[in-house]
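Next up: a single chain in structure tokens, the form predicted alone.
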Amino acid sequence: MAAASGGRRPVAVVSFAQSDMVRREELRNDVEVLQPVIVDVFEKVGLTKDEMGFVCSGSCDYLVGAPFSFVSALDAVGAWPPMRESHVEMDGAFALYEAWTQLQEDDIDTALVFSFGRSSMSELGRVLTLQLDPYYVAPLWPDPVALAALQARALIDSGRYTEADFAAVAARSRRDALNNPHAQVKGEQTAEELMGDDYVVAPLRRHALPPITDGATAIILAAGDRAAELCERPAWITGMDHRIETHSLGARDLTTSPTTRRAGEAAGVVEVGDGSGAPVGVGVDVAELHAPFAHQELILRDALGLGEAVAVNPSGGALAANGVMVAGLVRIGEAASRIMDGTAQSALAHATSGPCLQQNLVCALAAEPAGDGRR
């Protein structure tokens, strides 16, 4: 479903909160990690759960090792009195897409979206292998790092980027994360210093991989005049779309991300440029890209036509903290926060799911609502 918002009801991010992203939550369960985040996101706009027209969450039962774990997580929100609630077994960014769709109906004005994940509890590589083609790929048990290494090798062989470029992305991400109190991995190492890291799976060295992360995040959406009442400077969603690549890795060019480009076009932040068909980014100040591996940021930059003037992942991105089921929603929250605090006029956020950028969502945000949508 393409979701550019011209003529649609304007919806904005009005509150964003997240936990500290850590290597392992030793003492708290999912509800205990999530509850302070829910309290924080409500307090920022002076609302309660009872004032939410809709609640939607994103998580993965496989991480917890228990069926319907998202039901128990509702204790962090308050399951009584009954509420209008939904859940997606994906990153919270896709739950936000569902909530955005619900808000297009005039019967509700607010929605709570949250996600949580404790990757440290399970053998993450084995868990994520279960999402692969069950006949031809999953029986080989390739983990996400091995598949990402195949993608990185193909990118190097294409002649477009090198291992040094991957290290430069990681060095910048760690440096930017110094300004993010919630980030997990941060530092001032140069790209040259990071090139001394050992390989995990060639050509990916340790710095090019995401950390194992436990954490939670939440966002409140509001529609029309309600958004302006709740937030001095709402981050209006001016367009949103997501697309899916084929399940067969062998049928894809892993060095490109056409679904990211198409989602960007539908969201209004990418247009096809000259006769070569190269994508051209359309005037955003900030881009938060969900790139769990360093080389994937380069692929996403190309797909979205992002120039040097765009600040990419000023939060440190997924290389600084990569809570599975959380990191994509954090990208939307971080992009929105730049608008809400006045440091940016426009931004885009990207979220991915599946191996090698299989599924991609693009959310465009701005300080002003798009078009002449209904208030």
Partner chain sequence: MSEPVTMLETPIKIEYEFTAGLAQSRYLKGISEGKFLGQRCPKCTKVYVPPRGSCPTDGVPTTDEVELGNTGIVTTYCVVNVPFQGQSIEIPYICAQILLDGANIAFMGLIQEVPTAEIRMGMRVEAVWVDKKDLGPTMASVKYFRPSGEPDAAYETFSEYL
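Residue numbers count along the first chain shown, from 1. Treat the numbers as computed from the prediction; the structure is a model and nothing was measured.
Missing here is the form predicted in complex with the partner chain; even so, the following discussion is about that form.
- The three marked residues, L27, E32 and A76, each reach the partner chain in the predicted complex, with a heavy atom inside 4.5 Å.
- This chain appears without its partner; in the predicted complex, the one residue of A266, L298, V127, I108 with a heavy atom within 4.5 Å of the partner chain is V127.
- For the candidate set V64, V312, V37, V55, a heavy atom within 4.5 Å of the partner chain in the predicted complex is found for exactly one residue, namely V64.
- Among residues of the shown chain, D225 is not one whose heavy atoms approach the partner chain to within 4.5 Å in the predicted complex.
- Taking the partner from the other structure, the partner chain in the predicted complex has a heavy atom within 4.5 Å of a heavy atom of S72.
- The partner chain is not shown here, and in the predicted complex it never comes within 4.5 Å of any heavy atom of T162.
- Within this chain, E192 is remote from the site of the partner chain in the predicted complex, having no heavy atom within 4.5 Å.
- Only one segment in the set 252-260, 109-117, 152-160, 133-141 has residues whose heavy atoms sit within 4.5 Å of the partner chain in the predicted complex; it is 133-141.
- Residues of 100-125 that come within 4.5 Å of the partner chain in the predicted complex, judged by any heavy atom, are R118, M121, S122, E123 in sequence order.
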